[in-house]
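Only one chain comes next, encoded as structure tokens, the form predicted alone.
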């Protein structure tokens, strides 16, 4: 299943890596989330790693996208972990969030796995 603007790759038993490109258009986020969720359900995923390495800034619109995707992931019993967040993105995010996000964060995949064991 091809989803414009992102790569969704199975990287292990139940683990998926989502790599958005700069061309990802989150304006129709419901349709995107539906397609991602369908793929995760089909593969019986348990974790979704969202690579933020290309995202220099996280604004309220992008945060809403991440939170909506994470909320859907939770609904289908998939944990979403945002990885490779740039310092500028983390700083921008910290300026406007007032609640705990629906997603978890880690420096990288192995860093998240170490903290959950």
Partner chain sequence: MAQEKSSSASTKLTELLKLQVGSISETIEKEGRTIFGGSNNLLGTDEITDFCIEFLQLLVALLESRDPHNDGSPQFHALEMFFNSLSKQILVRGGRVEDLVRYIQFMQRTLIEALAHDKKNITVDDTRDALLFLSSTFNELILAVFQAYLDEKERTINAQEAELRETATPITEIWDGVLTLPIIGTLDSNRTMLVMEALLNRIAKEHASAVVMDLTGVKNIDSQVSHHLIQMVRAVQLMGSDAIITGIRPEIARALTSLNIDLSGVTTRASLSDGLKEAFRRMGIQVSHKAI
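Numbering follows the first chain given and starts at 1. Since this is a predicted model, take the numbers as computed values, not measurements.
The form predicted together with its partner chain is left out here; the points below concern that form.
K.L.:
Identify which of 23, 95, 9, 13 has a heavy atom within 4.5 Å of its partner chain in the model of the complex; exactly one of them does.
P.N.:
After the contact test, the surviving option is 95.
K.L.:
Which one, 71 to 79, 84 to 92, 39 to 47, 24 to 32, holds residues whose non-hydrogen atoms are within 4.5 Å of its partner chain in the model of the complex?
P.N.:
Flagged stretch: 84 to 92.
K.L.:
Report whether the minimum heavy atom distance between residue 17 and its partner chain in the model of the complex is within 4.5 Å.
P.N.:
No - in the model of the complex, heavy atoms of residue 17 and its partner chain never come within 4.5 Å of each other.
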